[in-house]
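Starting off, we have a lone chain in the form predicted alone, written out as structure tokens.
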């Protein structure tokens, strides 16, 4: 008997009915091989090491066998892309296998790069190795940083050819999340109340039970309660992005999780040299999804989600819920910045000092991660931090103001340093590090992937022998932006 046969499996999304998806099998990879398996996630799913090493496990995650007791499907949704209504979209290269009922609740398994679906449009249903590695590492890095995210269970490679700007090889990532329902899932049913309410009731029952039930609450109440939670989670998510220097790159409504998770890692970047208007996506020529615009884009996307319910709620009711966004965002943003700056409380005057911080980083194009990390050492060893700003007078003036503010703390200097090191990562998934892993994997060497995956597991702890992974890229290593082609 296969080790997968006895897994507790459910398929609540499939039970919604075929309005919401197309049932079909994946198109598996030929001669697949694991490049990496997330052992910690496998354990949480109840998969022991023997099962992970079995042929059945590889067959499942390469798209060559179904999840026992699962129901395989590709979901339909719609969305706004780069601010424009794109109409019907959907899982164009992804297959939902079903959910494994883990200790914390059901976790859905979705293969990405697993072949054509009715929603592929002009695509081929495949994902290339380079983008698959980037997604696999990104979700792992974000999870370790404490940022809400989908996760990745496995990375499967093959020698199957895929044609992009050049000939590449195909790969499949198995993504894991409680749900892959998106803002665009609701947008697809706007104006069609029966399916819209069915999806609303499904999401509340399975993921927001605290919002009420169709028996005790009106649909208008359910919408407002759910939207309130989505606003809060989405605001908190993007506040985390901002304060770790993460730029998503493609913040379309179909890439926004109804659970407030970071999802769909494409041409993202953790910033090296800070620039307020930084854009990681070469396709985004207008800078719609630049770093400084990400919070306002999330609000815009939430407004598109809210507009789906205008047949259920009044505009005033929906606007009243959306009005909480700024407060939710600032609460998380200020908390994050207080921790990162080493302060034990937040003062109104801190807003100005933090704004001056961002301006200082921007003016000097200072390294984002190291600027925060080295700040902890400045009272006794300021030289390394000042070097990031070329020992400028502006940096010295800001540092003096910062040190004066820090004297208002009630905790000790040692506690301040410990706090800052817990909230300012030393290791982030810089683009050049991902590229090194990609180039090695393309040559059959997975050791850099294994090493980087391990180091990113503990991003806040200094790790012996990993000094090179904390360094910014050299001039010849710098990757300014990436394309959407994957």
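Numbering follows the first chain given and starts at 1. Given the structure is predicted, the values throughout are model-derived calculations rather than measurements.
Below: the form predicted together with adenosine monophosphate, not depicted.
> Looking at 297-305, 115-123, 348-356, 365-373, which stretch has residues with any non-hydrogen atom within 4.5 Å of adenosine monophosphate in the predicted complex?
Looking at the partner contacts, the answer comes out as 115-123.
> With heavy atoms only and a cut-off of 4.5 Å, decide whether residue 282 touches adenosine monophosphate in the predicted complex.
No - in the predicted complex, heavy atoms of residue 282 and adenosine monophosphate never come within 4.5 Å of each other.
> Does adenosine monophosphate get within 4.5 angstroms of any non-hydrogen atom of residue 179 in the predicted complex?
Output for residue 179 is no: heavy atoms all beyond 4.5 Å of adenosine monophosphate.
> Taking adenosine monophosphate as it sits in the predicted complex, is residue 260 near enough to touch it, meaning that at least one heavy atom pair lies within 4.5 angstroms?
Close contact is absent here: in the predicted complex, residue 260 is far from adenosine monophosphate, nothing within 4.5 Å, heavy atoms only.
> Taking adenosine monophosphate as it sits in the predicted complex, is residue 89 near enough to touch it, meaning that at least one heavy atom pair lies within 4.5 angstroms?
Answer yes; at least one heavy atom of residue 89 falls within 4.5 Å of adenosine monophosphate in the predicted complex.
> Using a 4.5 Å heavy atom cut-off, which residue among 264, 168, 272, 151 comes into contact with adenosine monophosphate in the predicted complex?
Answer to the contact question: 264.
> Could you work out which of 231, 76, 250, 157 is the residue within 4.5 angstroms of adenosine monophosphate in the predicted complex, going by heavy atoms?
None of the other options qualify; the answer is 250.
> What residues, if any, in 254-286 have a non-hydrogen atom within 4.5 angstroms of adenosine monophosphate in the predicted complex?
Those in contact are 254, 255, 264.
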